[in-house]
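Next up is one chain by itself, shown in structure tokens, the form predicted alone.
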């Protein structure tokens, strides 16, 4: 049962920011994650501040430099189906299409997908875990077959749940943030907080701050972008292993490679080791072999998720073989 809460629907952004300065005020956008979190008592929310009445926070438009500006309230379905997104950044369209189920994509927003809560069954269950203010991450020595193999630092082993965030990191996207003190722009790569920095925070957003738009710079010449997601079931499930690729191509040579993994770590996980192997290289069988192994060389699997190492390695080899074939095996 949902707890009792008050609800406001301001029609001006400044009003929404002011309401969100209230203790235990929370943002309501699509609500697909928020309402479940409130019902399960994962978070407190005495005041729900709806963004639905704010004009200008939805829609997709081309920027002057040839990039895209996407309103934070744009639905995941619109991102996946929009012609500009599909033409310029097919990897983002693919990532959006992999989110949850059609019903949730129709309701959920891009801003909300970036800011959703973790899906760890200890965090979502009746466990007073470290992330909820307790003294222990139960996943480190417990049931951890779906948990992180990178970046957990034996502190908190959640995996970041978003399918759009890894692609946006790979595309060097940023978010525009409006707040009570100052408006700012944050690279999506810097938006999420690893457990070693703050085990109770998912993002760097401060009280009262609202993501208003996501901006993607103009695509590099001959940009190749893709997103691959492996999950137990076709719909609903979150990534066991995933990868966002954004390559600037010069013929059959990768002049610059961005590789970001999903289902791998508490934050979208940038594989700099794989990027170093690929950048400036031609995708020969030997390069693909070395790059996929470099990506998992520093993995630190837990007792129940060692299978993920080989799953990532094999998936990355498959995805790299597609690059020179226009995305087809």
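Not measured: the values here are computed from a predicted model. Numbering follows the first chain given and starts at 1.
Below: the form predicted together with a small molecule, not depicted.
- In the predicted bound form, at least one heavy atom of residue 29 sits within 4.5 Å of a heavy atom of the small molecule.
- Contact check for residue 78: no non-hydrogen atom falls within 4.5 Å of the small molecule in the predicted bound form.
- Mapping the unseen interface onto this chain, residue 260 falls outside it, with no heavy atom inside 4.5 Å of the small molecule in the predicted bound form.
- Under a 4.5 angstroms non-hydrogen atom cutoff, the small molecule in the predicted bound form lacks residue 283 among its neighbouring residues.
- Scanning 254, 245, 72, 188 against the small molecule in the predicted bound form with a 4.5 Å heavy atom cut-off leaves one residue, 72.
- With the partner removed from view, the residue among 173, 85, 149, 210 that has a non-hydrogen atom within 4.5 Å of the small molecule in the predicted bound form turns out to be 210.
- Comment: 160-168 is the region of 180-188, 160-168, 245-253, 218-226 lying near the small molecule in the predicted bound form, near meaning a non-hydrogen atom within 4.5 Å.
- For the three marked residues, 34, 43 and 116, a heavy atom of each sits within 4.5 Å of the small molecule in the predicted bound form.
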